[in-house]
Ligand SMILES: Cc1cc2nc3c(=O)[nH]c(=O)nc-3n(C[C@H](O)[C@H](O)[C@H](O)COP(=O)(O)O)c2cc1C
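Take a look at this single chain, the form predicted on its own, given in structure tokens.
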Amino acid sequence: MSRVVELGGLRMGSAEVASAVEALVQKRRSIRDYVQEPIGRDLILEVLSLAGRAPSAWNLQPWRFVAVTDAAHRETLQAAAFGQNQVGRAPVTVVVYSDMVDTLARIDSVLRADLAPEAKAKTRQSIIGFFETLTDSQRDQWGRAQANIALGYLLLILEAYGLGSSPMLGFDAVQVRSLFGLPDHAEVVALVAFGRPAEEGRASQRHEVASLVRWA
């Protein structure tokens, strides 16, 4: 029997949910041209809030976002992204980054509320003890890896909302940090341009999964 679950306020069978997720994954394309209409701040916050539901070790949630909607800021960001047109064409480009200094300063705010005080103290010390074994560079790379999970969530959430997107790794991270006053230790993970698509995007060739999987 198909399990009934809630998706976007709709009651759906688990098979229907799986089919809907598969359709999103199969349909998604990188979009480089966008309808020239703004995306409301409430909608931006909604998709980023859902992206923030991504899992992270100890629930630390080290990802951070800069939502760039101002035309002048998008122009300067486009220059820092080596002139990639989608930054200028999209009504929104989100800078996805991680900040482990801020993350570790907020440990208490992410611990489960139902934990006993002793358990909270033990968990907090476990987290601090782990990061004390890492160099600053290793700590920041750890945060970057966690933020990439939220990036994957964001791309599928945007697709579910009917918004096209284009993730970019081509940018000058030093310039991006300077533009938005991010700390030097911030790890800029990606830029994600998004908006209502003005094109279908190009299909891409994918490897056969059998060539990528090993069984043990």
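Numbering starts at 1 and follows the sequence shown. The structure displayed is predicted, hence computed values, not measured ones.
What comes next is about the form predicted together with the named molecule, which does not appear here.
Q: Is residue 103 part of the interface with the named molecule in the model of the complex - any heavy atom within 4.5 Å?
A: No.
Q: Looking in the model of the complex, any heavy atom of residue 86 within 4.5 Å of the named molecule?
A: Yes.
Q: Does at least one non-hydrogen atom of residue 169 fall within 4.5 angstroms of the named molecule in the model of the complex?
A: Because a heavy atom of residue 169 falls inside 4.5 Å of the named molecule in the model of the complex, the answer is yes.
Q: Could you tell me if residue 28 has a non-hydrogen atom within 4.5 Å of the named molecule in the model of the complex?
A: Contact with the named molecule, yes.
Q: Using a 4.5 Å heavy atom cut-off, indicate which stretch of 120 to 128, 103 to 111, 78 to 86, 134 to 142 touches the named molecule in the model of the complex.
A: Every other range fails; the passing one is 78 to 86.
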